[in-house]
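Shown below, as structure tokens, is a lone chain in the form predicted on its own; questions about how it binds or moves come after it.
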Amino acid sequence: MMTSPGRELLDRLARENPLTDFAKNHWSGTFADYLDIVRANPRVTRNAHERIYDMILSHGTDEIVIHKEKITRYRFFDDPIGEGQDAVFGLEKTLSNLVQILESAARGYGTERRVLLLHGPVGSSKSTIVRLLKRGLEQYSRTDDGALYTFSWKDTLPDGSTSLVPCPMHEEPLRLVPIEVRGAFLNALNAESADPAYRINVLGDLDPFCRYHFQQRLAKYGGDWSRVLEDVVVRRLILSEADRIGIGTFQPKDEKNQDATELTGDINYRKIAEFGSESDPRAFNFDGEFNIANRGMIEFVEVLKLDVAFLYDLLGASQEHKIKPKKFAQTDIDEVIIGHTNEPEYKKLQNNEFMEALRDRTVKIDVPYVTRLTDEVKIYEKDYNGRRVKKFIAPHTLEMAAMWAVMSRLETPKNAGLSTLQKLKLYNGKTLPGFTEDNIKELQEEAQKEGMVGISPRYVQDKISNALVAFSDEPNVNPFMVLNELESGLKHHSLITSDDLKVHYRQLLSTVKEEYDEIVKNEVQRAIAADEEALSRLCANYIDNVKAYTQREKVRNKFTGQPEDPDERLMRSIEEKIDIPESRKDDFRREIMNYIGALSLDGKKFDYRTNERLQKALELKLFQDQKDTIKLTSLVSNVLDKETQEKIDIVKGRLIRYFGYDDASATDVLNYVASIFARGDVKQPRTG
């Protein structure tokens, strides 16, 4: 019988991609087998806070310095599992604060009895952070380092066969050891542990279902609890939100549909007839979000919108690590409780005396918007510079959108000599005359609400998407298309109700457009001046004159062979391009010669490209000398002779090669800059 091509393909792919971890992840054994695992690796018994903290550390850390402050950066939040789709950018301080709180909880210092509340404006990555933690925990539970275990009960059926009844709350198997003897049991286990640095400490009692089965068997075996343990099968536990194992999510609904049993489980009325009582744990579904999240974590979406009845459950779950299922005694849980909320809801909490108990049991972690431009750009590049976007996005398109978003989040500087744009550049690592790292810290400290207000990345992402669709017939999407979308959307922005705020945001858009003009003018100027040979000749000429000037010598004229005074006009025409005043020219020239001398002592040759300021000055000088020969302004009239067209094509090629344009966007930007020059707007580009 012939095998179909589809069958052959399936067989081949199955052979090439086996589920190698299946057997490991479905391990099962006796309680005694589990004790051997615990002795070899006592960390399998960790509580939920310890496990999630270790999970974050398992991905490694880096130490970074932001404005003189050392901060630990946790690579976990780069989303190594999801290939960057959920990566968090620019919130190193926030994430460091979160991990410190988890570390405190893991060590049992008190924060394990608190609700972790992520607080911030809409779209500030609160949900992304929680999603990373949930997905990371799922993946970690599949690794050897993150392994954890639970158990099932052996149940004898009427026909004599045996079935396995899983523990509904995925309890730690060591909870089966009665509390009366657990201390001595754990001491003996710790004494034989292969990792004496970690002490096993299992708290809490079994859930009602497992407690019932334990008590029944304890009576059957005349109080011999060790024989009860022979009736359990220990198995590997893999956490999974989709399978509702160890990870729960609760989202508020309207008041009519809210039901506290969604958190703590409910009676199974069909089983009451079988077991005879509502208080029989076998007739109860331990499937509330608190139940199924045991051993892992539970997320409360918009936690402060919860009905009061739910908040009582939340208080007990956080402070006492207990929940109260209907008809049963308080039940121990082991899980990280994390919620998130926005500013308006949090203000309600602060103003509500009834919520004082919740405030007291909450650790608030502010999650602001990004205030560093490079980080905001990364957020958009993640979505729009990937394989999904087929259309070419012109250089600076995402950068300009990000610049506007970040400026909307910054408070207007109190220093009259500092603009919001300059403040953005300082925050982004640029140096400005008269401002030090200490000044930047002062700016941040005087603006306490910075990053907690402003434009959400979601709004910008929506408008970039609109531009991609609206201009689908265009060869590319450029900054003006996106900036226009951002501006037109302000009329209908549901969260911006103040007309003054809309006016402010439009003014910021104008600032961004002016900045874009400066950027593209500078790029075109550099592309025109990117003639390596001409730059090298100009540099050599400048250095010859500077050397003669500093050594009080003459310069030999290459054409006449006659000695001449150094060319002061040439030197100043280059130095003025980078704002070297007349009073500082001697210092600057000596710095250049000292630099060249130091290189020479090391056996190295001077290259103007190693000196950023000098390179910029040379490029601007060469541009000034060449722009008239290229006749860029003739692009506006569309009247080009062959020689000019060839020069324009060279410049266009450089824009493509050096600055990331494609042919269409390079043509567009050349035409745009030509129109600026045609209007007579030929100001020197800003150097600061």
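Heads up: residue numbers just count along the shown sequence, starting at 1. This one's a predicted model, so the numbers in the text were calculated from it and none came from an experiment.
Another form exists, predicted together with a small molecule; not displayed. Remarks below refer to it.
Look at 288 to 296, 603 to 611, 588 to 596, 121 to 129: in the predicted bound form, residues with non-hydrogen atoms within 4.5 angstroms of the small molecule sit in 121 to 129. When the small molecule is considered in the predicted bound form, Lys271 lies well away from it, no heavy atom lying within 4.5 Å. Shown alone here, Val370 lies within 4.5 Å of the small molecule in the predicted bound form, counting heavy atoms only. Within 4.5 Å of some heavy atom of the small molecule in the predicted bound form lies at least one heavy atom of Asn342. When the small molecule is considered in the predicted bound form, Ser318 lies well away from it, no heavy atom lying within 4.5 Å. With the partner omitted here, the residue from Thr94, Gln461, Gln139, Ser104 that has a non-hydrogen atom within 4.5 angstroms of the small molecule in the predicted bound form is Gln461. This chain appears without its partner; in the predicted bound form, the one residue of Lys449, Lys253, Lys382, Arg113 with a heavy atom within 4.5 Å of the small molecule is Lys382.
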